[in-house]
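Taking the form predicted on its own, here's one chain by itself in structure tokens.
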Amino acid sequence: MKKFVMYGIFALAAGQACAAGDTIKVGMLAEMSGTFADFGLQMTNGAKAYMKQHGDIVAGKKIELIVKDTTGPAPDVAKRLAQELVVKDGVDFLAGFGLTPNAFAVAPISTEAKKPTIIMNAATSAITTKSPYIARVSFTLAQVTEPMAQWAYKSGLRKIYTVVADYGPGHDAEQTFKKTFTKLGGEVVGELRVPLKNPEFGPFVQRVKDSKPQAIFVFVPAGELAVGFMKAYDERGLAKAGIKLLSTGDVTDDSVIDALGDGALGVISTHQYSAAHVSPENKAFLAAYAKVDAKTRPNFMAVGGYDGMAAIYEVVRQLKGNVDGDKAMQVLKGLKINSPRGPIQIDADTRDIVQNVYVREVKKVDGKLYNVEFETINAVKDPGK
């Protein structure tokens, strides 16, 4: 305990010394290798795109991005790297966090060192309750799941099977969908939780098929797991059996949607961002991202990185380059940003994001697969709070 407190004291001193200099340091913890490497790639590309578009000087201070690889869902690694960023590097902000376990692990360090911490992706509702120095610019699973349950019932579906990844966001999605759907009058006919690491989806999907629901609601993290699930859904013939696929936007994520193939056509999802979103802000974002990485299509994590940097820039601007943890959080509370996804705001009470959620269908646009938005639910708060 004494050792941890000592870390906090040194971190605070280092942070104050850094803020008083010519550089504002942003310590970014991201999954840059392993199964979830695409998470880190997208978030860091998004952050770099914002910096390329807006320059790296704010209020006379140079913004420096320091990226550390958490390697995946590795709380001990994330905690150690956060301590290094605070104590050795003297960062003014912590940011990133593709996965919930890593965000949970770093929360005590954020509190002890009074470091404003920006969650750019991790989506369990409880994250912002773990430290008064955490603000989220991404989303929560409950926030994007509730509209899906409402849409499913409105569209005439009454019997649905749920399949989610077995960790915090998955539990939030499962519970939110069931609560909302059953309250409206629908029935969840079965529930499955699949391992976060190396799941074999075939047997799970077969169990769903055998139960003959009208639809399946799915949440698994974007990337390899989403591709694996869609492959099993196709191979086991659920679409041919008339079982409709509903999901959060993770499953039909922009960065892997081409790999899903035409089997993804018609999949309905609810999420906060699509690369096909039509707005001047998104057009500018796509152009900035292409200058950083022309080979990949940006997804919601890239937008989280982009908007996270927008929030950091605004804090530095309003504090005239003199970053203080408590003052930074006052700026973040209630902050409004015109994001590539639409208008967003950090709720002053919960420090969580308020944003539009879109109902989308996978369609072909100019020969390529996209999540095409067809319905908007405005200014959605996290129902998990």
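Numbers for residues come from their place in the sequence shown, where the first is 1. Values in this document were obtained by computation on a predicted structure and should not be read as measured data.
The next section is about a form of this same protein that is not shown, the form predicted together with a small molecule.
Although the partner is absent here, residue 221 is a contact residue: one of its heavy atoms lies within 4.5 angstroms of the small molecule in the predicted bound form. Looking at residue 50, you'd find every heavy atom of it more than 4.5 angstroms from the small molecule in the predicted bound form. Put simply, residue 254 is far from the small molecule in the predicted bound form: not one heavy atom of it is within 4.5 Å. Of the heavy atoms in residue 307, none are within 4.5 Å of the small molecule in the predicted bound form. Figure note: of the listed segments 239 to 247, 255 to 263, 138 to 146, 290 to 298, the one touching the small molecule in the predicted bound form, with heavy atoms no more than 4.5 Å away, is 138 to 146.
A heavy atom within 4.5 Å of the small molecule in the predicted bound form is found for exactly one of 123, 173, 302, 106: 123.
Here is the short version: of 99, 312, 113, 85, the single residue with a heavy atom within 4.5 Å of the small molecule in the predicted bound form is 99.
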